[in-house]
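Next up: a single chain in structure tokens, the form predicted alone.
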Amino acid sequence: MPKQPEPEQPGGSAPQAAALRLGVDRTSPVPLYFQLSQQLEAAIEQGRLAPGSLLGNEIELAARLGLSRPTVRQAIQSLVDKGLLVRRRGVGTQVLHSKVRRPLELSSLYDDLEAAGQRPTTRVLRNTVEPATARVAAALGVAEGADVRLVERLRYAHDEPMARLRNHLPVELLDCDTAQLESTGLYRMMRAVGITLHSARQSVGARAADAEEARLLGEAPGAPLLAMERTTFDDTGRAVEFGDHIYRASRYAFEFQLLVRP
């Protein structure tokens, strides 16, 4: 019978970290540092270690788990490298916000963040009517120069900027009230007026942040960004949205499920 993970020993680290049930299986071929880092990462992703909470120092963790300090140090460093923890002089090791992993499906960022317990908020940067460029007109199936609605927003999670969202919509599609755009998601607003979202054509890429994008997202100029374009169609085949969005690569990832074709 495989040996069960050894229970942690009580210690005097930060309250949230001390309450975690951590353990290592010394009979497993998986390195001890990796076992510990995976458990801590899961606790961060699941919200059991909240952003801003202290992990406790290496000596305390090593004593609690019966591990060597280098093993604990390696586990912590792997999570620092992933951007999940930060070492602060005079404070200790502190939990950062977990990286948002979004499944690649027809859903809104607002709904995905809310489902993940990320407390989404929105700041509307622009909400106006403008002439459609050739690119926007082709996506929405309208004449170039025709009026379209532009909605540009900054989406936050835990009060930290995550993405700049830029959507063009047919001008008659929806009453885009700015206050409502700041309190809920665009797809929810569409569904509320009877629009049934059916399918989308989407591309995902990457590029470097320019100065303005870096300022909005709290990144350095030239930082990597995930870029996504999406044209969404309703159940009648009408194009209801053309989205041009950028996401902080340091805080965001798309997840794909790949299947073997029979």
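In this text, residue numbers run from 1 along the sequence as written. Think of the rigid core as the biggest set of C-alphas that the two forms share within 1.5 Å after superposition. Since the model is a prediction, treat every value here as computed from it, not as a measurement.
Although not depicted, the form predicted in complex with the DNA is the subject of the following passage.
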property	result
Proximity of P70 to the DNA in the predicted bound form, heavy atoms at 4.5 Å	yes
Contact label in the predicted bound form: R201 to the DNA, heavy atom within 4.5 Å	no
Contact flag, V91 vs the DNA in the predicted bound form, heavy atom cut 4.5 Å	yes
Contact label in the predicted bound form: R87 to the DNA, heavy atom within 4.5 Å	yes
Among 201-209, 225-233, 40-48, 56-64, the region lying within 4.5 Å of the DNA in the predicted bound form by heavy atom distance	56-64
Answer option from N127, Q74, Q180, T122, heavy atom within 4.5 Å of the DNA in the predicted bound form	Q74
The unique member of G218, P31, G52, P221 whose heavy atoms fall within 4.5 Å of the DNA in the predicted bound form	P31
Sequence-ordered residues of 137-161 touching the DNA in the predicted bound form, heavy atom within 4.5 Å	none
C-alpha of G66 moved at least 2 Å between this form and the one not shown on rigid core	yes
Yes/no, L165 Cα shift of 2 Å or more between this form and the one not shown with rigid core fixed	no
Core-superposed comparison between this form and the one not shown, V30 Cα displacement 2 Å or beyond	yes
